[in-house]
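Single chain ahead, written as structure tokens, the form predicted alone.
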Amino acid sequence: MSAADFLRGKFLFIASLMLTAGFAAFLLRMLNEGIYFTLLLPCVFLVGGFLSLLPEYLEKRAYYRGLRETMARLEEKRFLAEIIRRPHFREGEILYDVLKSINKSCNDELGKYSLSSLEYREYIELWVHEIKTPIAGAKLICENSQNRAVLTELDRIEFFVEQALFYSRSSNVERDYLIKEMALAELVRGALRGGARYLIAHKIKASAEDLDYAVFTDGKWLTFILRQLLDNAVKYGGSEVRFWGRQNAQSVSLFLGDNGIGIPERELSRVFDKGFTGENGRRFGRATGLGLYLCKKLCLKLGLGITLSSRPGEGTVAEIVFPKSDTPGAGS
């Protein structure tokens, strides 16, 4: 709070103070008092009035300056009312009480929302585990009857069920992951095995090379990310997919390239946005805008980088970056 701001708030007080001083000077002059006394008394009156404001100004300036600094430092602004001290001037006390009341109301609503969100997430997880049982039974029946087409569709259903599970857990990855050293080749094989029937049904040629590196990650979560990228490669016209690795100065990169229809350059900056389907998504009519968004979200939670590069008509390359500080590469 600047002195000018404070004085503007005291406009009526200052105006009445000056009018009173002027009126006193007028009365003294009318009583034929000397000019010295006529001017001195109102000036003393004005100085005393302004000095009476000084302690209030200093107190308010210190309080509001501390409030601003605390607000600037806080990452979670909603905790402001829990941190600031109660002031000793009346309007500050009113402001403090209002903030505390708002904070309590917000925390109550946040608690209700968190409980509702937790209950919904638990329901989704329970539903996923329950639905897997009939899917597994149906797959067993189809394997016995050698019905490859239905098996492929059941694999797709299972993949989308897994997507729902990973989405429900994506905000709390840290509660459900285990970081350990894994070979890139092992991770790629796991993703290819999981989507094997889908790749075969669409006559996709898959290859892998230069994967002799070790990284630290969670195998389950990363396998899901790779399967999502494979799904996109097949969905958008790819007939070939290729995995390869590369050792960088400060990281290890895993690449997945396809020869599909590619992504327009103007859309590359938005492909990880939630709900974004783009020109190709509308053209094919099968995009939800959640797959790449979920990949990005999971990579961020795992401390990984992910980028896409593409040329329309030539294909797309996805790169997942494992920081070297956490990845003592086997091939380095």
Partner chain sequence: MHRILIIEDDKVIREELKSLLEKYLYTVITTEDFSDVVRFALASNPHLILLDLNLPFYDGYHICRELRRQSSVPIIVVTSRDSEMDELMSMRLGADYFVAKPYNTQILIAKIAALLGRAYGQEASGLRHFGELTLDMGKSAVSREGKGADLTKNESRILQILMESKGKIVSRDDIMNALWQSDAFVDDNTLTVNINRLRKKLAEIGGNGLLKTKRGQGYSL
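Positions refer to the first chain, counted from 1. Computed from a predicted model, the values in this text were never measured in an experiment.
The next section is about a form of this same protein that is not shown, the form predicted in complex with its partner chain.
> Can any non-hydrogen atom of residue 242 be found within 4.5 angstroms of its partner chain in the model of the complex?
Residue 242: no contact with its partner chain in the model of the complex.
> Mark residue 121 yes when one of its heavy atoms lies within 4.5 Å of a heavy atom of its partner chain in the model of the complex, and no otherwise.
No, residue 121 is distant from the partner.
> Would residue 72 sit within 4.5 Å of its partner chain in the model of the complex, counting heavy atoms only?
Residue 72 lies outside the contact set for its partner chain.
> Can any non-hydrogen atom of residue 137 be found within 4.5 angstroms of its partner chain in the model of the complex?
Yes, residue 137 is a contact residue.
> Picking from 103 to 111, 184 to 192, 90 to 98, 256 to 264, which part of the chain touches its partner chain in the model of the complex when contact means heavy atoms within 4.5 Å?
Heavy atoms within 4.5 Å of its partner chain in the model of the complex occur in 184 to 192.
> Taking its partner chain in the model of the complex as the reference, which of 85, 78, 132, 246 has a non-hydrogen atom within 4.5 Å?
By the 4.5 Å criterion, the partner-contacting residue is 132.
> State the residue from 196, 115, 164, 150 whose non-hydrogen atoms include one within 4.5 Å of its partner chain in the model of the complex.
By the 4.5 Å heavy-atom cutoff, the listed residue in contact is 196.
> Heavy atoms within 4.5 Å of its partner chain in the model of the complex is the criterion; list the residues of 216 to 241 that meet it.
Contacting residues: 218, 219, 220.
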